Every structure is written in C-alpha cells, then in structure tokens.
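Okay, so here's just one chain, in structure tokens, the form predicted on its own.
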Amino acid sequence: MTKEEVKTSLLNIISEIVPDEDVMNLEGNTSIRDQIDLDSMDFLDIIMEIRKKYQVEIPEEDYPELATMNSSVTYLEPLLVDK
C-alpha cells in the first residue's frame, strides 16, 4: 500500500468506528483524539479493525505512534506494504 492508500484506509476505518464525525478534514500533525470525539474504546476498536482487516499486530507500546494521522501513516505503511 502507498501512503495515500494507508491514509484512505485509516480514514475509512475511523469513519466506521465514529460515523457521526467528519474525518475527511483531519489535520495531519494534530492529535486525532483532539480533533474528533474519540474515546479510548473507539481508539482500541480502530486498532482491532486494522488487525482484523490487514492481519497486522500493533503492540500496545506502539499505540502512541498512532496519535496523529501523519504518524499513523508513517507507522502503518511498512506494515501494510504487501497488503
């Protein structure tokens, strides 16, 4: 997957988890949780959906890497390169 494909996939997953939020205008370097109403359970649901959809493991100590859209794409791109 390219960076753009990773971003699109992540936006789709987030919009499934929090369908009432407008995720298409998320700023890249600002915390996702600061931009939309996303609680810790929603965040875990996003991680679980990534795991289920792409069969990748994200260790709990790496969760901070998924704080912003840009850091999420940077973290996930190498994991999803062959997906």
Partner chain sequence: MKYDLIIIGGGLSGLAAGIRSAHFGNRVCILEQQGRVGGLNSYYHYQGRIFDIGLHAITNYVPRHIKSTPLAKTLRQLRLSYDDFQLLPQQISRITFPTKELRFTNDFNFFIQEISEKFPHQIDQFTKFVQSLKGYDEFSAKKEFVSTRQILQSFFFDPLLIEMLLCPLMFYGCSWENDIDFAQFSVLFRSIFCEGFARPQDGMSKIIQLLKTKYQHCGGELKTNCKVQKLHIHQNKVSEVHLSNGQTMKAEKIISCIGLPETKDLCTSWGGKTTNRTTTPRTGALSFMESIIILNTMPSQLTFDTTILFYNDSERFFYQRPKTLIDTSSGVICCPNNYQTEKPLPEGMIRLTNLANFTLWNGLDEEEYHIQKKFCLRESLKKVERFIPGLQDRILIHDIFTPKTIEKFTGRRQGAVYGTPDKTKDGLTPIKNLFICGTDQGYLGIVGAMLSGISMANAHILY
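Residue numbers count along the first chain shown, from 1. A quick note: this is a predicted structure, and the numbers were derived from the prediction, not measured.
This next part talks about the form predicted in complex with the partner chain, which is not shown.
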Residue 56 versus the partner chain, in the model of the complex: is there a non-hydrogen atom within 4.5 Å?
no
Would residue 42 count as touching the partner chain in the model of the complex under a 4.5 Å heavy atom rule?
yes
So in the model of the complex, does any heavy atom of residue 61 sit within 4.5 Å of the partner chain?
no
Can you tell me if residue 17 lies within 4.5 angstroms of the partner chain in the model of the complex, counting non-hydrogen atoms only?
yes
Within 4.5 Å of the partner chain in the model of the complex, counting any non-hydrogen atom, which residues from 44 to 78 show up?
44, 45, 48, 49, 51, 52
